[in-house]
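This document starts with one chain, in the form predicted alone, laid out as structure tokens.
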Amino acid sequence: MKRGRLALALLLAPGLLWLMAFVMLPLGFLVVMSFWSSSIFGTVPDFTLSNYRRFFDNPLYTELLLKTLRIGIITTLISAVISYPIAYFISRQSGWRKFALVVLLFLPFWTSYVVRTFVWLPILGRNGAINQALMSIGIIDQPLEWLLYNEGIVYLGLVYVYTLFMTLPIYLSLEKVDPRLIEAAVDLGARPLDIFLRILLPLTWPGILSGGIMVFLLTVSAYVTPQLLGGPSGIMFGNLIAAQYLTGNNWAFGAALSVVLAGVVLLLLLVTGRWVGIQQVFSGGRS
């Protein structure tokens, strides 16, 4: 018994040490720094609540946080609606067709995240491909200005770059569904909507949740996509945090903003988990 526990501890030790060194310690230091103060000479290691007081006293910060959470939720929902049919179609294939479709699904993600975001600029820009095409066929007389630098384009960019993180878990869940269940439902006269709601959705719910959690977490912490595509109207909380470190030289306030974002997201996941059953993700879907 003791040997088994020792062997288990030795197996877990590298992973636990890695998490402690590169996750828990930096996170703890971030929390500590959030109670420090900043000056023109740098960060001062004292204890103060002024950073959090500044956040709650300025309604612009809370509004931006709520906007970021809204963008995260909507992006997650859009990704789920788009990803489920794609995942279902791939799961229904076999042989080389399934392999080819999976490769095509991963193909855009073989390039840099920044490059995949930046490529929308020559497509949607004032002199981009869409404007040039519309002007060449006479639909418009001058370039459309609203194709870039607004919140709607931020949704487009976020859904595009994070689709894989939703599609893959749903696809893996669909792969575990016994096709005979669907065949039996069809033989009994079930309609496609009934098959989806009563068979596919309950069985693939853990995949949807795991994909939704990943997309939501990645979205609320997004920085590059709103920075390149959103403009002033598409700015998110991550851009505000980055500005404190890169241009504002206020690392203590940036740490406080990071802690607030992490705390709100964690609280939101804990609260919603009581209704949507997030624990199913970690139990493999077992009841």
Partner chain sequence: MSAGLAARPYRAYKVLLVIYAVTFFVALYAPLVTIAVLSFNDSSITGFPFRGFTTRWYASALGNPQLLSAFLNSVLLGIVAAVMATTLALLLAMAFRRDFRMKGAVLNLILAPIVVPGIVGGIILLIFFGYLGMRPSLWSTVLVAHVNWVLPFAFLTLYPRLHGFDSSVEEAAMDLGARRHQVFAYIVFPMIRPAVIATMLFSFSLSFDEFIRTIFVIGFDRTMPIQFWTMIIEELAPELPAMAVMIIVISSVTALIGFALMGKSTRRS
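Positions refer to the first chain, counted from 1. Owing to the predicted nature of the structure, the values given are computational and were not obtained by experimental measurement.
The same protein also exists as the form predicted together with the partner chain; that form is not shown, yet it is the one meant from here on.
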Can you work out which of L201, A184, V115, I139 has a heavy atom no more than 4.5 Å from the partner chain in the predicted bound form? V115
In terms of non-hydrogen atoms within 4.5 angstroms, which of the given stretches 173-181, 82-90, 68-76, 204-212 touches the partner chain in the predicted bound form? 82-90
Just checking whether T62 would be counted as a contact of the partner chain in the predicted bound form - the rule being heavy atoms within 4.5 angstroms. no
Does the partner chain get within 4.5 angstroms of any non-hydrogen atom of G238 in the predicted bound form? yes
Partner contact for Q132 in the predicted bound form: the partner chain, 4.5 angstroms, heavy atom: yes
So, W120 and the partner chain: in the predicted bound form, are they within 4.5 Å at any heavy atom pair? yes
Taking heavy atoms and a 4.5 Å limit, what residues of 240-273 are near the partner chain in the predicted bound form? I241, A242, Y245, L246, W251, S258, L261, A262, V265, L269
Under comparison with the form shown, the C-alpha atoms of G211 and G15 in the predicted bound form shift by 3 angstroms or more, placing them farther
